[in-house]
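A single chain comes next, written as structure tokens; it is the form predicted alone.
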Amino acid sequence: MKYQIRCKKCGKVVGDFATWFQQDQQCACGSTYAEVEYFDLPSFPPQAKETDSFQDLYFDFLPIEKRENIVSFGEGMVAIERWAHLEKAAREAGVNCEVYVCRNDQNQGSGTFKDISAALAASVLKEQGVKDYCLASTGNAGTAFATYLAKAGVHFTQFAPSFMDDDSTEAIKRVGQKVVLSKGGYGDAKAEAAAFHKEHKVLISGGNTDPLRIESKRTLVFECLRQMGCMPTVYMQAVAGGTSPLAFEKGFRDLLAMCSEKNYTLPRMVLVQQDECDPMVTAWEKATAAGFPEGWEQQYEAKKNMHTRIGILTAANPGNYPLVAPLVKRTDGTFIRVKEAELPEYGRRMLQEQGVLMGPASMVCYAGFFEALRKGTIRNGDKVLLNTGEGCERSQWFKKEVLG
């Protein structure tokens, strides 16, 4: 066996994914927060090979026992490009830095950075003989999981908020999977998924701290070294639940375990939300103003009167804030707010300067870069990585607004 799963609360070893699933994805202590540990991670980097699958390249670094169980559409091995026009914008702001963009819109499954999570989940579920799976999602995760689980032969049910876009709904139905639209919001969809899981004994996604999601997304750390030749000093992304920052930190710890002689530093985390759904930013601003008193990370509120049109960034109740915010603080990072109404203009700028059009969640990150420049968050000598979210094919409303 390559790995084991350890509870983050009590420290007990649960076993492998077979045991984890049998125990309803929780430790005997009741905690659902656990991490994968590897018995003998090989030296980094992995042996070079021609492949378009992150699971194939990083097989020895992932909790899959047999390559024959890999489920892939050629995801994960996307370009990390250096964008000159962003570096020019930085110089005009008086900052000399390098700027890299992780092109998740180039993923071959659903065109989002959820594809690598869905790919690893499908592979592990296939290996463990799981036949039914469900989750609640605002769009991206549901579409990605529907696509990959269909290929793995796993029946999938997505519980979605009433406002989920029609493009995502149709994409899920197109691959023969089921969508259940709630009459309410994302919180209602999550409650309905939990009830379905309990009543029908169907395995459910573990959410933002699900080790299946964490283990896949942590490979971005390895890709930074493979493609950039170094670690970024600033990591930026739009954030809803916050899985990716936690995964990046987990990948960084695994990297140090493999390359202890290297002097790597965890980048400053700069996380971005749009003003129409910004509960993490609001909580961070209050904590900053109060000087981060004891227990500050537990002080957050759900966003009320939410009017965002970016369905995949609608985590109004930031339940992961107590985990994500301390990581941001520890790295000397911050949370940034951008104006949702300005995103189409940023879309036009990206299209004009780079010839690329991404979806609105990706544009939150892109706009966040310019806001970070205005705030002085980016410094001379920084190597900035923008981890974009998705392409524009399932956001036709945004595409129309950008193109006029």
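All residue numbers are counted from 1 along the displayed sequence. Every value quoted in this text rests on a predicted model; they were computed, and no experiment measured them.
Only in words, not in the display: the form predicted together with a small molecule, which the text now covers.
Only one segment in the set 248-256, 80-88, 157-165, 306-314 has residues whose heavy atoms sit within 4.5 Å of the small molecule in the predicted bound form; it is 306-314. Contact check for Q55, L120 and R218: none of the three has a heavy atom within 4.5 Å of the small molecule in the predicted bound form. Taking the partner from the other structure, the small molecule in the predicted bound form has a heavy atom within 4.5 Å of a heavy atom of S244.
Contact annotation: A361 falls within 4.5 Å of the small molecule in the predicted bound form, judged by heavy atom distances.
Interface membership of N107, defined by any non-hydrogen atom within 4.5 Å of the small molecule in the predicted bound form, is ruled out. Shown alone here, T143 lies farther than 4.5 Å from the small molecule in the predicted bound form, counting heavy atoms only. A single residue from the set A325, A136, A238, V71 has any heavy atom within 4.5 angstroms of the small molecule in the predicted bound form; that residue is A238.
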